[in-house]
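Only one chain comes next, encoded as structure tokens, the form predicted on its own.
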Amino acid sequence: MSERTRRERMKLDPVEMPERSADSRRTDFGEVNEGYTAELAMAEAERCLFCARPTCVEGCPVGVDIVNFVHRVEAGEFEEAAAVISADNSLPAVCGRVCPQETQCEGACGLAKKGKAIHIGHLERFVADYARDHDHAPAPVPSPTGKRVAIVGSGPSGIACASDLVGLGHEVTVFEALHEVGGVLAYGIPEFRLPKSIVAAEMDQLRARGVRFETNAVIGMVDTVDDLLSVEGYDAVFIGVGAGLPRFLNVPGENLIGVFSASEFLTRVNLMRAYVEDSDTALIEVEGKAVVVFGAGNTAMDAARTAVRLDAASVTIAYRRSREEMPARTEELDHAEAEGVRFETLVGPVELHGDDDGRLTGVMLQKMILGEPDADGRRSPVPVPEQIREIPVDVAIVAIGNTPNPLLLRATPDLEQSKWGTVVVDHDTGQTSKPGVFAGGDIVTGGATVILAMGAGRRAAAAIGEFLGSSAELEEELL
């Protein structure tokens, strides 16, 4: 660690992440951000003030010891930094790329009040990539406890839960409905933001620690949660199936050919590998077509930027509020705009038009103004009377959020649900109304972030560990 004083550190300039030019990256699915070199990472780590009360750790949903790992990076001890991160985060290469650090750890950084926060996410990505490239050994696992846990869903919450449980010595099997593991990480985030090789490497780390994966396993169709407990003999179940049922606009014409949910669009591109160069995969045709995306969150940006890379003639984001209210990360908004995505704000779709063959040809957009704040504190869009116009559109992608898929919940009627169709749990433990069954992530909260889902998975893992310990003690007493 350098001998710089706190005042000297505060004067150091932030080290920005190198990225490919917009003209280059918009033509392929290669990663946009290029990552730090060792020298850049050490220089950025040198900006850390090593606060006595590290508020950045308080801002991290999984509680990574950020000060310790940044200190290790500054000293050039990258393997040690990787060990610090992996003690709390089972998906560091993923989180370093897709988590909204600006509202979490970096938002809570002491430097954020007087300048620009430490780029904690960039440093986490560097350390994770370094560890992978240097064959960093996975954390050891203790002796088997003899207890078995089923994880339903291989997304962020399920993976975090599985990682912690196998670290306690329990036998863990993860059930994934699709043919590739990773959940939303594999099929919901485009290659240019999160390469599939990164997700695969993280899954391989879990396999090396003993986690088993079963794909094409739709819990709720053949086996149910009750079957896992009573027939398959699992001692506990964690449900982390996310929120995969898309919301739609509920306007006339939404059933026309050429209208898709963002979930379907991105899943087709990812699982059918349309991101591979010269791919001839048959999927949603957008080449040479006018595309409009409804919504302005990260998923909307992912869909819009994917359409750009599939050679759409034009791509427009249509949003009911202004640019300032857009919920997507600032980086994603800037990247989309630089890549040629057009933003049309203060408009809302009221009707979709098609031709005689039932194919989408246009959308009627209602002019909006911002009224009073809604329940979330954002100003509500209010229609302007008689200000509606039509724009020509060939493909419409709806990216206005998701709700839980009811399949598993219908097959488990004794799980208490909220009025929104989410599973009701104890916030601190993830315990559901069903004994031995825990849940976390988007199936509980609705659509949220990767790291928040991971935090829920970790809390549930700790609670499951206690539950299984209590069960073991009871069995000993009975014997």
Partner chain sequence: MNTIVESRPVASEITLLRIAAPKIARKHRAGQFVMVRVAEVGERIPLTIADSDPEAGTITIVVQAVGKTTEMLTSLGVGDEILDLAGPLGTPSEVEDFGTVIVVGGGVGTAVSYPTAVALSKAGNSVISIIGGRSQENLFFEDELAAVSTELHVCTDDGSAGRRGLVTDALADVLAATTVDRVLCAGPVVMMEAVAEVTRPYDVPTVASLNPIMVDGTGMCGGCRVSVDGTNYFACLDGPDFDAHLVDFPLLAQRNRAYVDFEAKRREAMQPCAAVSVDVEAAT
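Numbering follows the first chain given and starts at 1. A quick note: this is a predicted structure, and the numbers were derived from the prediction, not measured.
Beyond the structure shown, there is the form predicted together with the partner chain, which is absent from this document and is the topic of what follows.
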Taking 4.5 angstroms as the heavy atom distance cut-off, pick the stretch from 224-232, 164-172, 379-387, 68-76 that is near the partner chain in the model of the complex.
224-232
Please determine whether each residue of Leu178, Phe260 and Glu264 possesses a non-hydrogen atom within 4.5 angstroms of the partner chain in the model of the complex.
yes
Can you check whether Thr103 is within 4.5 Å of the partner chain in the model of the complex, heavy atom basis?
no
Check whether Phe343 has any heavy atom within 4.5 Å of a heavy atom of the partner chain in the model of the complex, and answer yes or no.
no
Residue-level contact is defined here as any heavy atom of the residue lying within 4.5 Å of the partner chain in the model of the complex; does Tyr187 satisfy this criterion?
yes
Wondering, does His427 line up within 4.5 Å of the partner chain in the model of the complex on heavy atoms?
no
Could you check which residue among Val141, Val350, Ala338, Leu245 gets a heavy atom within 4.5 Å of the partner chain in the model of the complex?
Leu245
I need to confirm a contact call. Of Arg359, His134, Arg323, Arg207, which residue comes within 4.5 Å of the partner chain in the model of the complex, counting heavy atoms only?
Arg359
Residues from 406-440 in contact with the partner chain (non-hydrogen atom within 4.5 Å) in the model of the complex
Pro406, Leu407, Arg410
